[in-house]
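Before any questions on how it binds or moves, here is one chain, the form predicted on its own, in structure tokens.
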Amino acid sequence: MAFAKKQCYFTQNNIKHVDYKDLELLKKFLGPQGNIMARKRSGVSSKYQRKLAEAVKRARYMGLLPYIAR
């Protein structure tokens, strides 16, 4: 049973910069406990996964996103 490979969300929507202030975008890639989703699960390319992780960590540090969700 072969699955179609997921298309990267950022290349699909022509997003060049992942902004830490764009909380709606970042929340799409967080799990129910507030953890960053894995690449295999989200389908994001490795280039944008690194940018996404950096943006989420910055947003957490600035107090825009929680470290854990309860």
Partner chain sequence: MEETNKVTEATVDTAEEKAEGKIYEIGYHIVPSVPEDKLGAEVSSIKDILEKQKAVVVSEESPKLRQLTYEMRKEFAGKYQKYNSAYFGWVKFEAEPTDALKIEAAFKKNPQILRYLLIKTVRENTMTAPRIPSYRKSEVPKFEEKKEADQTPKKEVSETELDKAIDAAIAE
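Note that the coordinates shown come from a computational prediction; the quantities given were computed from them, not determined experimentally. Residue numbers count along the first chain shown, from 1.
The form predicted together with its partner chain is left out here; the points below concern that form.
- Taking the partner from elsewhere, Arg60 is found to have a heavy atom lying within 4.5 Å of its partner chain in the predicted bound form.
- None of the heavy atoms of Ser46 is located within 4.5 Å of its partner chain in the predicted bound form.
- Mapping the unseen interface onto this chain, Leu64 counts among the residues with a heavy atom inside 4.5 Å of its partner chain in the predicted bound form.
- For the stretch 15-30, the set of residues having any non-hydrogen atom within 4.5 angstroms of its partner chain in the predicted bound form comprises Ile15, His17, Asp19, Tyr20, Lys21, Asp22, Leu23, Leu25, in sequence order.
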